[in-house]
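Here you get one chain, nothing else, as structure tokens; it is the form predicted on its own.
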């Protein structure tokens, strides 16, 4: 014999849990969407590897002419 006592407290908790789950899923979707957009908008990214590369230097006028 199983005990199946449901109370209105259980229904309220379930409702809150569903609300929290929906908000958590929406937050994760927003963060994922922003990450995808940021990755797509940035072009070729070069990491900083502690080596001076010529393309990282600012352009200088009159040099090499």
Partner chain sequence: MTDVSLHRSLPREAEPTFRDYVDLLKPRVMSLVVFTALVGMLVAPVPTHPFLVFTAILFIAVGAGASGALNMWWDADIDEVMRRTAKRPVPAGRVAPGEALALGLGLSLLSVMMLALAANLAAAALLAFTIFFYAVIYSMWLKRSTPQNIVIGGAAGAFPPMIGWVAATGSVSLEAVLMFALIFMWTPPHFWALALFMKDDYSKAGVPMLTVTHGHDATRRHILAYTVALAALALGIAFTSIGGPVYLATALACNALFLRGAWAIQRRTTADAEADSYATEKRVFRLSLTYLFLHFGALLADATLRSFGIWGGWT
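Please read these numbers as outputs of a predicted model, since none were measured by experiment. Residue numbers count along the first chain shown, from 1.
Not on display, but discussed next: the form predicted in complex with its partner chain.
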Tell me, yes or no, whether residue 9 is in contact with its partner chain in the predicted bound form, where a contact means a heavy atom of each within 4.5 Å.
-> yes
Is residue 56 close enough to its partner chain in the predicted bound form to count, meaning some heavy atom within 4.5 Å?
-> no
Should residue 25 be counted as a contact of its partner chain in the predicted bound form, where contact means heavy atoms within 4.5 Å?
-> no
